[in-house]
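Before any questions on binding or motion, here is one chain by itself as structure tokens, the form predicted alone.
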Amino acid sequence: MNITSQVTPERIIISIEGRIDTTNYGEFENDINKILDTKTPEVVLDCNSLNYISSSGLRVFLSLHKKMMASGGRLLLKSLQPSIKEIFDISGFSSIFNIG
């Protein structure tokens, strides 16, 4: 898993590459929390290169969503691969997240 971020005053775009699973979700969560310390009003998770997500990864996404809502911010997921979108659909997360 590799993440990169682009920060502007309006938003942070976080690009995720590879897998988020039980072996690296903690690292992913720590990296995301460090990025969120900037207190931006919008976070975009670009999932174009995300090719697998486990339930542990889904939990991190949900935690991020809750943090953004609590601070009055907005989280947007974009470019979900069909297999990742299917996981979001099956788990019911598609109705929770803003997916574009």
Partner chain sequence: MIREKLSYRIISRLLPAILLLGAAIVTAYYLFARSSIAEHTAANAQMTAKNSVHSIEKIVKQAELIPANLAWMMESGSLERDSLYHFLKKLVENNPLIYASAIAFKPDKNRRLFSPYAYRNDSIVESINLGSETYNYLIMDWYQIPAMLKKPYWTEPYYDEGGANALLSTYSHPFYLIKNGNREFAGIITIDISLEWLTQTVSSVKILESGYALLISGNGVYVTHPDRNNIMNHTIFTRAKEMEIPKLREIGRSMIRGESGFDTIELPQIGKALLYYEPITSTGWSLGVIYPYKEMYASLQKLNLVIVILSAIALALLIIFISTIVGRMLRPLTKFAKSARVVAEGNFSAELPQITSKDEMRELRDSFEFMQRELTVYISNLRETTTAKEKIESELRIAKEIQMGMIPHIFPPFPQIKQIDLYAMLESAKEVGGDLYDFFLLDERNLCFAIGDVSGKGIPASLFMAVTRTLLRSLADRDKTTATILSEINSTLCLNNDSNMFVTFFIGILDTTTGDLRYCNAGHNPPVLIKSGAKAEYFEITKGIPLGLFDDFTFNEQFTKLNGGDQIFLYTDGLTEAENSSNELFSENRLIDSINISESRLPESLVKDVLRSVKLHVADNEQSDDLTMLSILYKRSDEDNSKGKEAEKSITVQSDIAQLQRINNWTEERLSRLGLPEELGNTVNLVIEEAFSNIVFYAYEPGDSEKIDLSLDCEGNMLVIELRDRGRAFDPTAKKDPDTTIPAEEREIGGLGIFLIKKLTDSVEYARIDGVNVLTIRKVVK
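Bear in mind the structure is a predicted one, so any value in this text is a computation, not a measurement. Positions refer to the first chain, counted from 1.
The protein also exists as the form predicted together with its partner chain; that form is not presented, and the subsequent description refers to it.
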- For residue 45, is any heavy atom within 4.5 Å of its partner chain in the predicted bound form, or not? no
- Does residue 91 make contact with its partner chain in the predicted bound form, using a 4.5 Å heavy atom cut-off? yes
- Query: Looking at the partner-bound form in the predicted bound form, is residue 58 within 4.5 Å of its partner chain by any heavy atom?
  - Reply: yes
- Item | in the predicted bound form, residue 63 touching its partner chain (heavy atom, 4.5 Å) | yes
- Task: Scan 19, 78, 11, 85 and let me know which has any heavy atom within 4.5 Å of its partner chain in the predicted bound form.
- Result: 19
